[in-house]
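As a starting point, one isolated chain is supplied in structure tokens, in the form predicted alone.
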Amino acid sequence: MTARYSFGGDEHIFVEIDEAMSLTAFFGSISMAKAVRESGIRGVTEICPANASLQVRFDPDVIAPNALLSELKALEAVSASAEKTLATRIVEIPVFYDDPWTRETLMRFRERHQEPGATDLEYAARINGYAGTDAFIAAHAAAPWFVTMVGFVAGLPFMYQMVERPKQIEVPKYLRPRTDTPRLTVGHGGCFGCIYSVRGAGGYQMFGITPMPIYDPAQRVGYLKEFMIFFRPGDIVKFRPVGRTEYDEIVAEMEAGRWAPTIRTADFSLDAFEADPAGTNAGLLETLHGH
């Protein structure tokens, strides 16, 4: 694929790896960001990779915009040939699907939804061809998800489902955004899953809620004491459905400082995944569960 370049004001160059999201495009963005970082181009002040793109900030008094553009284009071939492997971690995230808090919220905003007579889960199940919400939840939680970007609000992960493209869950955002979304809502918009790190406005469909904090500016949560934001690009997430009883137990353990998520280190190869998605996912889940 060939990247597309555009200027953003006087201090930014935007590099779009591909118009369509894919893990190949994501690896292209992080490979190019790494190549720019290691090149040591004078005048580059910030590199921000995203789902399928990156943005480079520079000082125009140090390097002319067109000169930087030439440097970036020269690095494109270098990044394209980079090895598509990643040493990362796989994390198990408990999710209380169809919980009372997101259900109460979504019912307050039905006039902004494509299908006011259904819940977000019912709508998502129907348009993705599932027989009902139970089958949809099982599919949502079955395969791992790849964190391709963290941001928009502090700590919010964008997650790409690790299945063949025809099997991917896709659901449009609300027709008009809500003014409220519960903290730690597990949502979905387009091809991306997310977890809302804070309470606030939002337009993604709401499927459930996790008891696991992912952003703690006070750094009181044990596993967030070193850094207030949990997720990193490249993390792999496995959702685990829980009921109300286990959800409440985790919240209580969390408040007592005794709970932490299951995390394992893992090596991910894009080539291996593209050759055998199911086999790669099975290996990741074996790593997670210690088999």
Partner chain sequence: MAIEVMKPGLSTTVQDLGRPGYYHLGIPLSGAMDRAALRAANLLVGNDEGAAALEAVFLGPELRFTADALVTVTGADLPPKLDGQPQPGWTAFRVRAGQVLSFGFLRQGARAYVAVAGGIDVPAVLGSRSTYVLGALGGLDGRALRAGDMLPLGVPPRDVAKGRTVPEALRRPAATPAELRVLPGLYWHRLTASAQASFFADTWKVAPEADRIGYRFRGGRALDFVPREQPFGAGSDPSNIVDSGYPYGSVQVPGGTEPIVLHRDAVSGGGYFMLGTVISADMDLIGQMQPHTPTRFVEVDMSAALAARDERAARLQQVRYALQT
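As the structure is a prediction and not an experimental result, all values here were calculated from the model. Numbering follows the first chain given and starts at 1. If you superpose the two forms and keep the largest set of C-alpha atoms that fall within 1.5 Å, you have the rigid core.
Below, we refer to the form predicted together with its partner chain, which is not included among the displayed structures.
Taking the partner from the other structure, its partner chain in the predicted bound form has no heavy atom within 4.5 Å of any heavy atom of residue 180.
Although the partner is absent here, residue 84 is not a contact residue: none of its heavy atoms lies within 4.5 angstroms of its partner chain in the predicted bound form. Among heavy atoms of residue 57, some come within 4.5 Å of its partner chain in the predicted bound form. Although the partner is absent from this view, residue 278 stays clear of its partner chain in the predicted bound form, with no non-hydrogen atom inside 4.5 angstroms.
Judged by heavy atoms within 4.5 Å of its partner chain in the predicted bound form, the contact stretch among the candidates 167 to 175, 101 to 109, 72 to 80, 88 to 96 is 167 to 175.
Distance criterion of 4.5 Å from any heavy atom to its partner chain in the predicted bound form singles out 154 from the list 118, 127, 154, 138. Interface residues of 29 to 63, taken as those with a heavy atom within 4.5 Å of its partner chain in the predicted bound form (partner not displayed): 46, 47, 48, 49, 50, 51, 52, 53, 55, 57, 59, 60, 61, in sequence order. A movement of the C-alpha atom of residue 226 falling short of 2 angstroms is seen between this form and the one not shown when the two forms are aligned on their rigid core. The Cα shift for residue 62 between this form and the one not shown, taken after rigid core superposition, is 2 angstroms or larger.
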